[in-house]
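First, one chain by itself in structure tokens, the form predicted alone.
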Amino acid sequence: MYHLISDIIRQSEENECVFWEIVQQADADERGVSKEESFETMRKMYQAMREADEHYDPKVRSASGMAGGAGQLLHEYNETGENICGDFVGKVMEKAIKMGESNACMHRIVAAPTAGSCGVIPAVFLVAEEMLHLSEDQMVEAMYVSAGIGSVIAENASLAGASGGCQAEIGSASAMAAGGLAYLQGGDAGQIADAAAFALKNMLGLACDPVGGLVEVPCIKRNVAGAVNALTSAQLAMAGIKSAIPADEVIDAMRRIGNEMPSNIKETSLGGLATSPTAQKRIV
């Protein structure tokens, strides 16, 4: 078992295996299944992400009317070739917002790690699979990397906006995606940890202030920010840049920041964007 990112790194070195295999073994041991069964369960999770992306419906709107259709607008913009972010980043942005909208419209998604942050990991991974010509097995391995990072965050800090603010949701998802992408690009355990640290550091202090108490505004667009943050964080790590603060200490800082946050910006809709004049007019 592991409790820290440093535990996973140490165990991978001691056992001469890669990051994801440590997470897989822990899952198999905890659930009392074989490693093969664990792998197939994780494969189904990844396939569910792909299916959710494929079933995006641009015509559907959320019950509040605040969400729906933005993913199609971004798709059309990407098709013009005018998105200066380029194909990879443009597609990541598109898939992130589509998944967030699907959640708001009550479609089937994978909470990774939460429903409000469900667009970050699928956006990064689905585009990476396509653009980097990766196999589904490689994507499943990356899912384990993300799961390991998420598990450590859940144990030592929080994944819930009500507890730690949006840093705990989009921030955690971004760290998980960054670590997974670093692995897919050939990163070792240290680079995976650095990528996760960079991503989470960039999201520290992010408030959870949903308009009307709904996981729509500003939550959906924050999935785009989290996904793009994951891309840049992974590239820093792959360039050989080291995080000045170790991943475990960044996670601990996130916990302390979350504890110090006032309750009005932790999913209560009593502060932040939720109490802006425009938000107040939109609440039914």
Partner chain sequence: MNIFDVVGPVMVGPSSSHTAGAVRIGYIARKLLAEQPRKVQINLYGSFLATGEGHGTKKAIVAGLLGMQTDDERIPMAFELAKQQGVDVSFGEANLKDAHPNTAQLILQGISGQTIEVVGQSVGGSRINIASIDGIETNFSGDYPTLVVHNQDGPGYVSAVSTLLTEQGINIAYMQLYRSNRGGDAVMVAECDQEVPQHVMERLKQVDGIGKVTYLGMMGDE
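Numbering follows the first chain given and starts at 1. Here the structure is a predicted model, which is why all the values come from computation and not from measurement.
Here the subject shifts to the form predicted in complex with the partner chain, a form of this protein not shown in this document.
- Though the partner is left out of this view, residue 38 does reach within 4.5 Å of the partner chain in the model of the complex, counting heavy atoms only.
- Residue 30 belongs to the set of residues with a heavy atom inside 4.5 Å of the partner chain in the model of the complex.
- Remark: residue 215 counts among the residues lining the partner chain in the model of the complex, judged by a heavy atom distance of 4.5 Å or less.
- Using a 4.5 angstroms threshold between heavy atoms, residue 42 counts as touching the partner chain in the model of the complex.
- The stretch among 80-88, 200-208, 178-186, 110-118 whose residues place heavy atoms within 4.5 Å of the partner chain in the model of the complex is 110-118.
- Note on the partner interface in the model of the complex: the residue among 93, 157, 126, 104 having a heavy atom within 4.5 angstroms of the partner chain is 104.
- Along 129-149, residues 143, 144, 147 each place a heavy atom within 4.5 Å of the partner chain in the model of the complex.
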